[in-house]
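Below you will find one chain, with nothing else, as structure tokens; this is the form predicted alone, and questions on how it binds or moves follow later.
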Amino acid sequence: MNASKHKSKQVSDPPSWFERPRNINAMIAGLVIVCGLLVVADLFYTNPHPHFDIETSFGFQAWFGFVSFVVIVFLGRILRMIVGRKEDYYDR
């Protein structure tokens, strides 16, 4: 096995583009702006074929997606408590 191929990242390496705090903040700000524009776009769009009445409420896709994400994160934490292993499990 070639050791240079699997060389781990050195601590002294400069951070990549995605790791720089300024770029992270710009990406978060861009994401917030795009999400806000999509919520505002809901004012000009009506779902032509809603399956349930709640789908016609303002910003349904936005808040439903957010609530679903939060539920998935908390369910993942519960699942980790049930089936998770300690960090050094494979080092033993």
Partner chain sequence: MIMIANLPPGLIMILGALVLPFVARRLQAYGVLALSVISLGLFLLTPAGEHGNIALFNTTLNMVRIDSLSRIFGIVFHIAAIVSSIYALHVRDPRQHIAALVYAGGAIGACCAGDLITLFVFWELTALSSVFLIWASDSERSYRSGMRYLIIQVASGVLLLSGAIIHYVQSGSLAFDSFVVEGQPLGLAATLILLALGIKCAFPLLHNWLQDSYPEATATGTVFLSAFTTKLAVYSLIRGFAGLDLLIPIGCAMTLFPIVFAVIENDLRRVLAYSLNNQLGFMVVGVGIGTELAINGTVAHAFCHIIYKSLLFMSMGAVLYRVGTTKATELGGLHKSMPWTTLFCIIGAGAISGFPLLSGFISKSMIISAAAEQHQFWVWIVLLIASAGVMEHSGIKIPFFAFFSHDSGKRVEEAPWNMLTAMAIAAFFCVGLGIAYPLLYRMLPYTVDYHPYTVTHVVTQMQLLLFALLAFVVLMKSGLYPAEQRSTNLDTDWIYRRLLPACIRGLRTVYDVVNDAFRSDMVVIVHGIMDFTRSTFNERGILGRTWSSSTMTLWATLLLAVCLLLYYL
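Computed from a prediction, not measured in an experiment: that's the story for all the values here. Throughout, rigid core stands for the largest set of C-alpha atoms superposing within 1.5 Å between the two forms. Residue numbers count along the first chain shown, from 1.
Missing here is the form predicted together with the partner chain; even so, the following discussion is about that form.
In the predicted bound form, the partner chain sits within 4.5 Å of a heavy atom belonging to residue 41. Contact between residue 62 and the partner chain in the predicted bound form is found at the 4.5 Å heavy atom cutoff. Contact annotation: residue 77 falls within 4.5 Å of the partner chain in the predicted bound form, judged by heavy atom distances.
The shortest heavy atom separation between residue 35 and the partner chain in the predicted bound form is within 4.5 Å. Residues 25, 28, 31, 32, 34, 35, 38, 39, 41, 42, 45, 46, 47, 48, 51, 52, 54, 55 are the ones in 22-56 with at least one heavy atom within 4.5 Å of the partner chain in the predicted bound form, listed in sequence order.
A displacement of 2 angstroms or greater separates the C-alpha positions of residue 48 between this form and the one not shown, with the rigid core held in common. Residue displacement note: residue 84 has its CA displaced by at least 2 Å between this form and the one not shown (rigid core superposed).
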